[in-house]
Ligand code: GLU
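Next up is one chain by itself, shown in structure tokens, the form predicted alone.
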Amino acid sequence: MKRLALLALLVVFVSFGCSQQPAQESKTEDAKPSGVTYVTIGTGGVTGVYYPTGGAISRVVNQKSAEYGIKATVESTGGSVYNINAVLAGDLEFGVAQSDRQYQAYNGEAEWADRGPQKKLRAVFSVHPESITLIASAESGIKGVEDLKGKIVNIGNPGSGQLQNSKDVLEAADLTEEDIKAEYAKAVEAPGLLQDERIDAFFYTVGHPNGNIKEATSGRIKVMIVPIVGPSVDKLVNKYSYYAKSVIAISNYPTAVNDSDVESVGVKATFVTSEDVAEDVVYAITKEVFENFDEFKKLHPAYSVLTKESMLQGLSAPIHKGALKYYKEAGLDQYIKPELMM
């Protein structure tokens, strides 16, 4: 009986050991790194420009996924504020965000006032400009911002970022809301108001080409896109780091009365990350976008006015060390504000 009991125990022991061995091997296999780093880019709504921007970046990166071991995917999100918060929380590796939002987060303003400065936020580069676009009827005589005095001008609905942009431009030109007959309609309503001759002009902060601007320039009332230029713009850019000069390609609006591209100023769509994201990952993504620059520009009409230098403007958070490494190698660090090269 003892011999039978010992034999039974031996069988159980051997069976147990054999049954555990494959599981242990499986566990070891699961623990092995796949060799691929997956990163997610937060964008915006699928009908906006942020979503294809994330897609364009992921496309150039994924072409070299075998070389870098990086695979980028795109996620449609609520936009700038969501993306910044998700990047800081580690839920996203990268995000597209408006440059003024980047500034506000890093400095603990606006939505981040109660949480304080978000010092882990890092800039990578800026992408397409979101120009402060001033549209005026051709008969209004408005040739520049200073001509708005006494005119009926829609400056944006209360609570919108556009409203603050409009006020900033007016202030830089030594004008206030009291100097114009200000209207506060939503931007999407402004083209109809202009064509109905209920306003003389309107501001709209937007990436180009844009459907509402096409509507405004294609109606019965002839309109022009008014340049926003001169010393007032220099003052604005120097005062607020998130503003940058921009150019609106008039080829997007062939029915406007303009005969050349229009200079303006605006915020930027920027590409952001966290200081916690690995240096080699940020380096690889930055390198592929800049070294495939001509291909990248072709991926969306909004990129037609991009230059490598302009992609380093409008940033207010420190440059991620991985991106900075590439910029130094490429000689592009000369276009970065010294205070951003921490």
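In this text, the rigid core denotes the largest set of C-alpha atoms whose superposition between the two forms falls within 1.5 Å. Fair warning: this is a prediction, and the values are worked out from it, not measured in the lab. All residue numbers are counted from 1 along the displayed sequence.
Note that the form predicted in complex with this ligand isn't included here; everything after this is about it.
Peer 1: Would you classify Pro227 as touching this ligand in the predicted complex, given a 4.5 Å non-hydrogen atom cut-off?
Peer 2: Pro227: no contact with this ligand in the predicted complex.
Peer 1: Indicate whether this ligand has at least one heavy atom within 4.5 Å of a heavy atom of Met311 in the predicted complex.
Peer 2: No, Met311 stays farther than 4.5 Å from this ligand in the predicted complex.
Peer 1: Would Gly141 count as a contact of this ligand in the predicted complex, using a 4.5 angstroms cut-off between non-hydrogen atoms?
Peer 2: No, Gly141 sits far enough from this ligand in the predicted complex that none of its heavy atoms falls within 4.5 Å.
Peer 1: Taking heavy atoms only, is Gly54 within 4.5 angstroms of this ligand in the predicted complex?
Peer 2: Output for Gly54 is no: heavy atoms all beyond 4.5 Å of this ligand.
Peer 1: Counting only heavy atoms and a 4.5 Å cutoff, which of 75-83, 245-253, 111-119, 133-141 contacts this ligand in the predicted complex?
Peer 2: Stretch with heavy atoms near the partner: 75-83.
Peer 1: Identify, from the list Val282, Val61, Leu315, Val49, the residue with a heavy atom within 4.5 Å of this ligand in the predicted complex.
Peer 2: For this set of options, the contacting one is Val49.
Peer 1: Which residue, Ser126, Ser264, Gln104, Gln162, has a heavy atom that falls within 4.5 Å of this ligand in the predicted complex?
Peer 2: Looking at Ser126, Ser264, Gln104, Gln162 one by one, just Gln162 meets the 4.5 Å heavy-atom criterion.
Peer 1: Each of Thr40, Gly90 and Thr270 having a non-hydrogen atom within 4.5 Å of this ligand in the predicted complex: is that the case here?
Peer 2: No: no residue has a heavy atom within 4.5 Å of the partner.
Peer 1: With the partner left out here, which residues of 98-112 have a non-hydrogen atom within 4.5 Å of this ligand in the predicted complex?
Peer 2: Just Gln98.
Peer 1: For Gly95, decide whether the Cα shift between this form and the one not shown is 2 Å or greater, given a superposition on the rigid core.
Peer 2: No.
Peer 1: Has the Cα of Phe203 moved 2 Å or more between this form and the one not shown, judged after a core fit?
Peer 2: Result for Phe203: yes, a 2 Å-plus shift.
Peer 1: Taking the shown form as reference, are the C-alpha positions of Ile132 and Gly79 brought closer or pushed farther apart in the predicted complex, with a change of 3 Å or more?
Peer 2: Relative to this form, closer in the predicted complex.
Peer 1: Closer or farther: the CA pair Glu309/Thr133 in the predicted complex, versus this form, with a change of 3 Å or more?
Peer 2: Farther apart, by at least 3 Å.
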